[in-house]
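To begin, one chain is listed below as structure tokens, in the form predicted on its own.
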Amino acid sequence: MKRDSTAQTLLVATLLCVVCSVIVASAAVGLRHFQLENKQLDQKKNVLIAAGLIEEGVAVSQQEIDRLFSEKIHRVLINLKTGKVVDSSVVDVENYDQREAASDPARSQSIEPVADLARIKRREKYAFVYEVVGAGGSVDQLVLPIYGKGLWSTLYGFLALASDGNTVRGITFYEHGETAGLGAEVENPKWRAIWPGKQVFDESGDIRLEVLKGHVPPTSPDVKYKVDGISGATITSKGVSQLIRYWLGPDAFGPFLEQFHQQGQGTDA
């Protein structure tokens, strides 16, 4: 075979492709453990940020994040349909991945279009609730994972509620693909600082919390339910309102929150 023949060129190219594929695949497998650890660390960090236990933008070591999470957070897996805690004999809680479950037909369920406020089409059957433990072992806050469609992407975040299950303590979005300077402002600490103290439900139990288009008039009688919209990001703002309505509603965390109240929790706003 001639060294500069077409066959020789194709052979060399094929061998290079095979070698490169093996290298890339080996690197992916070898790094998977570290990727998983980083993913878990990022989730812990964002739970703590939503709960106000660490400040975003301040350097915190992995050891400190792990310590705070271990001391302050009690993670439970619940059945979204019933609101009850899932026993470890039913699901491998330690290795359960919500996002993987949401895309697995065997571990998720489809959402009727009329009920799909978050526009996610399917949701997992089981979801984590992060209880923030206070003095004496009482639950001071609930941190709930939330997600739904914005303009260009699915936004993933956490919403922290006081022990009354109604008063917002904090919110954070840790993953999305929204437009920089517009929808991506869901990450802006100044915008997120508006949320604490807002109320989710009214006296009738209806979800009233929403992000408006524009600013909330300070004299509005509904100011406690309203959050300033993000300038130039109307669709993203509406998406945030809708995903909150979905995840705190009867098709998601609603049954859990109702039982939380019935069990005598929820007196501290």
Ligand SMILES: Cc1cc2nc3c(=O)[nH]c(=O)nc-3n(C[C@H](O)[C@H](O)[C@H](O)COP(=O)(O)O)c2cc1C
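Please read all numbers here as calculations on a predicted model, not as lab measurements. Counting begins at 1, following the sequence as shown.
There is another form of the same protein, the form predicted together with the named molecule; it is not shown, and what comes next is about it.
Chemist: Going by heavy atom distances of 4.5 angstroms or less, which of S108, N79, Q98, T179 would be at the interface with the named molecule in the predicted complex?
Modeler: When the named molecule is considered in the predicted complex, the option within 4.5 Å is T179.
Chemist: Which of W191, W152, Y156, Y126 has a heavy atom within 4.5 Å of the named molecule in the predicted complex?
Modeler: Only one listed residue qualifies here, and that residue is W152.
Chemist: For the interface check, one of 42-50, 200-208, 228-236, 65-73 should have non-hydrogen atoms within 4.5 Å of the named molecule in the predicted complex; which one?
Modeler: Answer to the contact question: 228-236.
Chemist: Although the partner isn't part of this model, could you tell me whether H215 comes within 4.5 Å of the named molecule in the predicted complex, counting any heavy atom of the residue?
Modeler: The answer is no: H215 has no heavy atom within 4.5 Å of the named molecule.
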